[in-house]
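Next up: a single chain in structure tokens, the form predicted alone.
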Amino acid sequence: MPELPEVETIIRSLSSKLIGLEGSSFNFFFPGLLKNNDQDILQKLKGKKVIHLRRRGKWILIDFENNLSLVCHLKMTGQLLFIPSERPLDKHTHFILSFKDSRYELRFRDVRKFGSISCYPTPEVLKFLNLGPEPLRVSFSHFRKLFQGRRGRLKNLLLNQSFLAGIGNIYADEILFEAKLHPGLPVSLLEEEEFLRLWKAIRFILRMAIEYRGTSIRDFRDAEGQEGDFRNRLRVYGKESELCSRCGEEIERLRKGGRSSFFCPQCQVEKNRGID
């Protein structure tokens, strides 16, 4: 699933292309893509210009001048592509937004059909998403307070979108390796120095992943169909049995609850024995 760096890459590649364009028509080829609305509300986007693109967590928000926002989530295999309208339709294209006086159009492609599109009043859109703070904007003091009253395992908490918005499985593993923290560490055992290491690791990994335009492992492409390059800089995710770049120990894979975590047992020492 595209995570914060991938979605940020899409926003950056789309902004210069979409802002100022006037919506002219839309077509749904898979009605299930539209969530929580009927198509009538989208009629209000016709004749209105795009004024802003932004990201919130893993969500893409396209703001129009009539105070309505198109809200997209790519889920597992979704792609939002800005391509020439004469290009033949891919069988997995489920939505098209066309623009006045433009030979390009915005297409939503999704092999597994888990993605979604909604339309909300711009001033109200964020309350519908119910997300935690942005990881790259939260101060350390605020970050530290987020842990008050929290329980459970550290990686599970990082994946909780109401805790921090935008981190998924790939970057949680990379962040925890950078911070030298075990994915199964109970949050209650975090020490003060480890909170700072974790906060710094989140900022370092996410910023670097954005710089290298995200991670393309299977489906991720930016708005022009280009792959991200951060996959060549992954140090633990998907590296089971390979040697750790830091210490030379074999990377291990931990399976729990249908999810895999990759970590170095030497660099990320488990210290939760005796705790369920």
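When you see a residue number, it is the position in the sequence shown, counting from 1. Small disclaimer: the values here were computed from a predicted structure and weren't measured.
Note that the form predicted in complex with the DNA isn't included here; everything after this is about it.
The three residues F28, S102 and G225 each lack any heavy atom within 4.5 Å of the DNA in the model of the complex. In the model of the complex, at least one heavy atom of G168 sits within 4.5 Å of a heavy atom of the DNA. When the DNA is considered in the model of the complex, R12 lies well away from it, no heavy atom lying within 4.5 Å.
Using a 4.5 angstroms threshold between heavy atoms, R137 stays clear of the DNA in the model of the complex.
At the 4.5 Å threshold, heavy atoms of G152 reach the DNA in the model of the complex. Only one of 47 to 55, 63 to 71, 214 to 222, 243 to 251 places residue heavy atoms within 4.5 angstroms of the DNA in the model of the complex, namely 214 to 222. Residues of 240 to 263 that come within 4.5 Å of the DNA in the model of the complex, judged by any heavy atom, are R253, R255, K256, G257, G258, R259, S260 in sequence order.
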